[in-house]
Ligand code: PMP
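Presented as structure tokens, the chain that follows is alone, the form predicted on its own.
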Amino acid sequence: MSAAREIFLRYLAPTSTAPLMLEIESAEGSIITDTSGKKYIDLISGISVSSLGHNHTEIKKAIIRQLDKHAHVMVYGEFIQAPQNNLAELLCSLLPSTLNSCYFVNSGTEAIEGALKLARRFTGRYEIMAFRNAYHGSTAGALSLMSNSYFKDAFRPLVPGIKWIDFGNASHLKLITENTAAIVTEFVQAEAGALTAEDSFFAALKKRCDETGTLLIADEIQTGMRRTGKLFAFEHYGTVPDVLVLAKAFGGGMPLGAFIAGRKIMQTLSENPPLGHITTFGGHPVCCAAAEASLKIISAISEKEIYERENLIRQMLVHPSIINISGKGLLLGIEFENTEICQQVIKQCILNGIITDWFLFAPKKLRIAPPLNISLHEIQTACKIILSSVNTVTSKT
């Protein structure tokens, strides 16, 4: 065992009993290189974080420029800082006019927590609804939204007042009532295996929310920043949420999240009591500078470029063992007959120089979520390696 692995296992808190433990030396574009010099094509972007690849020149320049000025100077919400101002102004210019007030935090799960507090504070209601097989984070409130008991039973008691309905099932929408403060949805369910729903479902969901005075919270932590082709996944469906939650790729590779709502809604967190929501490092100026640079580049990427890459993947990944390809844009789930085959394919892919994994609630699906600017040649190479890996695994079964 290398010294680095020994330190990793001894001093870093584990998240599972079987970490990948690749020893990373560097990363550039869509390629990650380990300490032995082996190169891997990154097909998951650090779980939809590195959407412009690794070590992007413009993002790096923005970070350095801001570091030369200042890093943290005060807890969020007190001082006027150009990186926060600039990012908020740019972000709001790209959103519907009803989403015009940004609260910056450090991560997606923190953004979900803030959105839940905001919904209860604004509506004065207690009940929160979510969809089965959705993942919104692992802090207490976000974990409470999870329907799957296996992942949360060990941490009870959790936040009460949560109810669940089935994603895409319009008949369940009647369960949203005047007692419901908010319902949290993804517009493409990521950890359920990149699942989509009919346009009519989201129209009906928004209508029911409006009828009952329920806030519609859109979790775009994985699906935002052009991951599905549009800058935000809700744009595919013509449905504008009351609260938008961002993180992952939003930070340009730096730790940053946000929840965005209308000014009238967001204002409720500032009084009765004041400091109704507070964060020390949220909106860190270096992170905001990186996010602004990243957002400018991502917003300029055309949908056509995303769909060209999606179509190439769908055209190439044809194999008797591949049952289905779900998802939208560059958030795709490659479905196999069972979990065992999928896990073996993933292991073989990593051996062959492809970084991929599965979905939390769809372990028989292989995840594909590469950098948005991955080259067509890299996609072709990656798909050939995946097919070769499938052949290796299925030949043994």
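When you see a residue number, it is the position in the sequence shown, counting from 1. Just so we're clear, the structure is a prediction, and the values are computed from it rather than from any experiment.
One more form of this protein, predicted together with this ligand, exists but is not displayed; see below.
Sort through 77 to 85, 260 to 268, 100 to 108, 120 to 128 and report the only stretch with a non-hydrogen atom within 4.5 Å of this ligand in the predicted bound form.
Partner-contacting stretch among the options: 100 to 108.
From the list 284, 136, 309, 226, which entry has a heavy atom within 4.5 Å of this ligand in the predicted bound form?
Among 284, 136, 309, 226, a heavy atom within 4.5 Å of this ligand in the predicted bound form occurs only for 136.
Looking at the partner-bound form in the predicted bound form, is residue 186 within 4.5 Å of this ligand by any heavy atom?
Contact check for residue 186: yes, within 4.5 Å of this ligand in the predicted bound form.
Does this ligand get within 4.5 angstroms of any non-hydrogen atom of residue 214 in the predicted bound form?
Contact with this ligand, no.
Taking any heavy atom pair closer than or equal to 4.5 Å as contact, tell me whether residue 291 reaches this ligand in the predicted bound form.
Heavy-atom contact with this ligand at 4.5 Å: absent for residue 291.
Does the 4.5 Å heavy atom contact test between residue 249 and this ligand in the predicted bound form come out positive?
Flag for residue 249 set to no.
Counting only heavy atoms, which residues in 207 to 227 are within 4.5 Å of this ligand in the predicted bound form?
219, 221, 222 sit within 4.5 Å of the partner.
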